[in-house]
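Take a look at the structure tokens below, where one protein chain is shown in two forms, each on its own, as structure 1 and structure 2.
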Structure 1
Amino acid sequence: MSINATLIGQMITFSLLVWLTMKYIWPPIIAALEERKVKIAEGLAAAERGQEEIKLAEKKAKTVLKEAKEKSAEIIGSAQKRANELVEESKMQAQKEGERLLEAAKAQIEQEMLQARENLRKEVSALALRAAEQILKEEIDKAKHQDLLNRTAEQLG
């Protein structure tokens, strides 16, 4: 056997092996590689979308949290304002009530003072009448005497 014939046989066998590999083995391997490439690309794209969605969700969460804080601050401010208004309103009512009670007490004192004057006037007139009766027992008529005392009481009062 010559080296040339062996070499030609090996070349034919190699070519046949290459052709069979290219025809039957290579296409499924390439298809599997392409399919795997597509799956990896889809996975990477999904991971990127997930990262973007996480960033958007974080931004949205921060926005919602900020809005909630602002709203709670607004509610607290409103409640504080209302509490201050209630305190002021209570102070005003207490002041009005105090003034009303003071006026009522002054009116009661005035009423009692007038009543005491009237009682004193009656007692003075009764004492004067008794004294006059004792002094003048029968010199003056009772009706005239009462009229005189009434006029005197009006002048005093």
Structure 2
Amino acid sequence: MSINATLIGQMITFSLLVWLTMKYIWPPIIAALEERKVKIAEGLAAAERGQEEIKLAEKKAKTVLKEAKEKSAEIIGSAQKRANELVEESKMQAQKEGERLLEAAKAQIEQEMLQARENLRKEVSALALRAAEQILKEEIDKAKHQDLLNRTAEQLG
């Protein structure tokens, strides 16, 4: 139990260990720790920024959505209006067309009626003439009474 040269040996070992620690062990580990600290701080800051950005984006999305809704309502309104107009227009057109067709049909009918009447008249006059001829065969001289006959035919016509 005495102090001896072991002391010197131990001191040499000790200084060697301290030197090795100082040179090769302490700096890299502390550097890694510091770097991690910085990284974590950066990560936290980024997360905060991200949160802020999310809030902004949400706000923006809300306004955009609102705008879009308004716009769509507007579009739907105008479309409805246009549709109504279209329906109204086509209704009117159809009515006009119908009226025109009706008019045309009426005109044709009129014309045909006139035609028929004319024909009828001609036939009736011819018939009457023939009947009159039959009756008056003997008494009437065609050449003598040509004028009268013509007048009658004209009157009938």
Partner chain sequence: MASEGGATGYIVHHLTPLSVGEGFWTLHLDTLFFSAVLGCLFIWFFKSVAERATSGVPGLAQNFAEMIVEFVDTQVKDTFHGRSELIAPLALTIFCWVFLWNAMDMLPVDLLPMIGSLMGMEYMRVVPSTDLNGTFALSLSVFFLIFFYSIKVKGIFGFIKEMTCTPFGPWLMPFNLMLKVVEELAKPISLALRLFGNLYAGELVFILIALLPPVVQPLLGFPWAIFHILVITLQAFIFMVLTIVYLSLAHEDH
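Superpose the two forms; the largest set of C-alphas matching within 1.5 Å is the rigid core. Predicted model, so just to flag it, every value in this text is computed and none were measured. The first residue in the sequence of structure 1 is number 1, and each one after it adds one.
Between structures 1 and 2, only structure 1 derives from the form predicted alone. Relative to the superposed core, residue 70 shifts its CA atom by less than 2 Å between structures 1 and 2.
Relative to the superposed rigid core, the position of the CA of residue 34 differs between structures 1 and 2 by 2 Å or more. Once the rigid core is matched between structures 1 and 2, the CA atom of residue 150 is found 5.1 Å away.
If you overlay the core, the Cα of residue 54 moves by 2.6 Å between structures 1 and 2. Once the core of the two forms is superposed, the Cα of residue 19 has moved 20.2 Å between structures 1 and 2.
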